[in-house]
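Starting off, we have a lone chain in the form predicted alone, written out as structure tokens.
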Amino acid sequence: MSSVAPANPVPPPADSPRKIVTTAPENSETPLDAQRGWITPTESFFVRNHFAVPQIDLAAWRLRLTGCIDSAAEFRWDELDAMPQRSVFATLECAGNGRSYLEQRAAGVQWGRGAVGNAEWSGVSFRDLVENRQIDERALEIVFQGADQGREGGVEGEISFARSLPLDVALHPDTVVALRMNGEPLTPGHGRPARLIMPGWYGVASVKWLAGAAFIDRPFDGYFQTVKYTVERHSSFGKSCEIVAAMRPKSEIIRPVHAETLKAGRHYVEGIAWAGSETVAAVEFSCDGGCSWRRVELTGPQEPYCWTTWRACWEVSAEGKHALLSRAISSSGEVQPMRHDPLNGGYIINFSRPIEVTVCARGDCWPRASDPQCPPAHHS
């Protein structure tokens, strides 16, 4: 008996704190302006669905290993839960996050900035599932297949969501079959009963509602690996396509918000920054539209795979409009770019995007009661 019942689109809860972008299937954003601290609460963590959420019978569900291994295997949820557990803190970001800000409209969900969140993912390291099995020397990739399926334009019939990883990447100890998120069992929208977590890669690699892992001896040519989630690259050999894979350095200003009005004086500008599998080495802030930059204070943990929080003390006396920018610098020295690379199409949208605020002299402009001001300046 199949563990998956026919899926019907289920609208997101009316009281969801997430910002709804589409309802059928649900695609919703983390409300970044409400983010406090390092971890994104589960109920606020963005949801990216290609198809309707599958209805899965946990008692009948199995995770199956097949393909170029000496013997197929399957695991129940309780068997996975009884194995040694591994926790990984990781920021997940949809590869199309920020698509609505592109100068040229690109096909796909028109995300704002909130298709990103940081959470703790706990489960079984995938390599532990194959530890006592012989992998055929021809094995090249592992295809991870979700239980979700539906129709895509230009494809006959229904297809399942599937993505592959190179063998060495899939067998890294931090590649986890996650059963829990922030200490609690996964919610249906976040992949219950189990999902893959590929930290440092864009969220498309972290397949939800994981049903199978097949070892194959050739490059995977599935729809979400060759038609969607690819970027163009040029070289001396001509034009080629690459899959969307490792996340690039990126930062966001989360307070103040775009179009906010502030009172002249000293204020904290706060934000988040991440750099895929690397740590964030530094964040720079500009209050003049990118003409000048200065390093800011990193206020959160600096860990691989995760975002960090940051803040800058900004003193402003000039009334009028001001363009605020931030940029992240990874531990290897990669700097967040100022422009979107057109070869990336509607993916890897990590350019520094200005937010515009208006400064006025009226006493009722700022501060809001919930937001701290910078300490007063001390003069010697």
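Don't overthink the numbering: it's just position in the shown sequence, from 1. Everything numeric in this text was worked out from a predicted model, so none of it was measured.
As for the form predicted together with a small molecule, it is not shown, yet the points below apply to it.
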Partner proximity in the predicted complex: Arg327 to the small molecule, non-hydrogen atom cutoff 4.5 Å
no
Wondering, does Asn49 line up within 4.5 Å of the small molecule in the predicted complex on heavy atoms?
yes
Do Arg195 and the small molecule share at least one heavy atom pair within 4.5 Å in the predicted complex?
yes
Quick check on Gly146: any heavy atom within 4.5 Å of the small molecule in the predicted complex?
yes
Check each of Gly123, Gly276, Gly98, Gly203 and return the one that places a heavy atom within 4.5 angstroms of the small molecule in the predicted complex.
Gly203
Answer key: of Val283, Ala119, Cys94, Ile142, within 4.5 Å of the small molecule in the predicted complex (heavy atoms) is Cys94
Per-stretch contact check against the small molecule in the predicted complex, the hit in 39-47, 66-74, 330-338, 317-325 (non-hydrogen atom, 4.5 angstroms):
39-47
